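Read on for two forms of one protein chain; each stands alone as structure tokens, with the labels structure 1 and structure 2.
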Structure 1
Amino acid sequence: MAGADSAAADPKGAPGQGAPRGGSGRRAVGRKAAGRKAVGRNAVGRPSAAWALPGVLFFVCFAVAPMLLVGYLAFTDWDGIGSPQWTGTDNWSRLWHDPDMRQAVWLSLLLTVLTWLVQTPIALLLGVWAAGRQRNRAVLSAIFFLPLLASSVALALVWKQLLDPNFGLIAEIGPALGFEDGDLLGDPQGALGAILFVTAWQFIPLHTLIYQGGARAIPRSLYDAAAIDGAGTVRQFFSITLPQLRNTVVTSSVIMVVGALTFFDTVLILTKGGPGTDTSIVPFLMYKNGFQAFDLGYASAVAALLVVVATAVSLLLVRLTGFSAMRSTREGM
């Protein structure tokens, strides 16, 4: 009993016995915890660079290598059959003085600006509306997004038939639009308007989907607080929705601008650059020189210029809008 009382009175135990056992236990627990942390870091940490190798190889083979080849061909004369002949800056000098190129650049810039002005407001409003949780909005959104499932060529062929002045729908409604003979694609302004309408009809659902995702990410508490302060729907849209969608607008705008600068399949199917050269944009001019005239050296110079301009416009948009800072609109919440 005395020994038991003594042991109870001295919880640390005799020197050299109890204390070391306690310290050893603590060290063992510490080692186990460190081991678990190490395992956790390996389990959820950043994957090794080997995981990026397939994507890097795909990008190099199908993006970097073709761009380097086009950059080389831009300084040569090549018809696609023989060996390319080095010509120095002849293609670039021709590019600078080519009146067709100047017209194509103007048309591409005009189409890009009109595309943004038409598609952005419509896609923004539809995206905010589709972000609602009502069942009818979900059903209508699903129907509205159907054009995204078809290719640009297939849709352009459908619209080509609808705009046929002899058998298409435009033969019936053309007079109401100011085209008595229904030849919408035979008029310079009508052809450009048709391209603008068809591309908007096809790609507005894509940007609507982008805005829908951005609008659903806005915290509901912001709208509840604004409603308590007496803000109506319009005031909430301009004071909450638009500022919160700033980064989304920039993302959609970059995709839209680059797409408008580089697409040509709709032009190829609908107008073939006509009437005359009134819808011959830069990508179509590249196609015409490369695959109709077989002047692949000059076409490569046009393509290289297009890549540089599209990249520069994208970087300029990111720079001017401050999007590169990537500051969250929900910071501090």
Structure 2
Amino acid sequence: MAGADSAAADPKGAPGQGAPRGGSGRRAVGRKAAGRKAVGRNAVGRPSAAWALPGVLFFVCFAVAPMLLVGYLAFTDWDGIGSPQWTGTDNWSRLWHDPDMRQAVWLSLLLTVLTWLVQTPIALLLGVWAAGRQRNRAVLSAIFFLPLLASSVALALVWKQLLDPNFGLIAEIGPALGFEDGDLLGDPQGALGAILFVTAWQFIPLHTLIYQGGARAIPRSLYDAAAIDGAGTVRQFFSITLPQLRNTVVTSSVIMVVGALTFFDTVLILTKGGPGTDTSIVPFLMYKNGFQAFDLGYASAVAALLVVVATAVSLLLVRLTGFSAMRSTREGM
């Protein structure tokens, strides 16, 4: 831990070891600002809370109210044509016993975890590398950035074509990769893997960018000190870069997880939830029940569950990674 120690010893390495301290240091700055606010306690020029009104009304109309409506519809039977009929907890007991639903929850969680495991190391490594200064890096970073410019629909369509077992790229290179018949999308693991790969292909650039931003903000002095101590690249990475990027990791992970729970576009186009139901993640199951079977009441129950799962997972993640620190920052405002 020589690297970290020397970094802490460095008079300029202010955030100290790791981010928690850095976080508290920053909070202190926040407090100071709050303190200063207290000095100028005049209301002149301050807006009233009414300034938030248009935004809040808009958000309530098209996000909060629909959310509450989902809660209501989840207790009804509604085919989209007539009007919703109250059926009590019927949908919920059906949900509880629905094997497709269990599978969907499992697949969503699996896909989320795998997405994180695949994307984080690659994006971290690429981001740190791209934070450097050589010229060719700029060109390469520009190429890496390209998938980010296309919509998930466009990319899913491209990959759907490339993965066609008879006419696509997979038909030619599949045998070399161990897919004799190019039947990647017909295989449960293969289809899930394809979704994982396509979404990684699409989103790693975004996370690379986030890590690149994070890595650039790490003070060079930390590395200088570590270099004097004789720490190598790998050691520097683990003792300086990684701890310094802690908050960036949290940010990137939250985006990744909430995103992975809702890979709807890719699933719809690439696999239609198949083979069978083996890639039917929760949002897809909701779509299928809602806008193919027109069992909109039941689909609302699925949607309500999706909200609960998404909220729970992000809260859990945020808790595990020290979101409480953030919360106090917020309260200090």
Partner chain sequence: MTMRTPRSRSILRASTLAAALLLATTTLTACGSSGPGGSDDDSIDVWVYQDASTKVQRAVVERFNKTSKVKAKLTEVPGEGYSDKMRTSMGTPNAPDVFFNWGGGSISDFVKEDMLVDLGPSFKKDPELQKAFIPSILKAGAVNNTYYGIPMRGMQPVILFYNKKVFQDAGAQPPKSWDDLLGLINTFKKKGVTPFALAGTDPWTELMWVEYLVDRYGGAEVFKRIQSGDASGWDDPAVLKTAETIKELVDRGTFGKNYKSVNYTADGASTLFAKGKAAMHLMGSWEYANQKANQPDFAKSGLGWTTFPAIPDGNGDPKNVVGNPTNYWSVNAKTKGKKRDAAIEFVKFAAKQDYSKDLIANGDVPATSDATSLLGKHENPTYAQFQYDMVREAPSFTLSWDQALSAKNTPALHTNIQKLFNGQLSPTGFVTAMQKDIK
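Note that the rigid core is defined as the largest set of C-alphas that superpose within 1.5 Å between two forms. Here the structure is a predicted model, which is why all the values come from computation and not from measurement. Numbering runs along the sequence of structure 1, starting at 1.
Here the chain coming from the form predicted on its own is structure 1, while structure 2 comes from the other form. Once the rigid core is used as the reference frame, the Cα position of residue 307 differs between the two structures by less than 2 Å.
Once the rigid core is used as the reference frame, the Cα position of residue 293 differs between the two structures by less than 2 Å. Superposed on the core, the two forms differ at residue 56, whose C-alpha moves 2.5 Å between the two structures.
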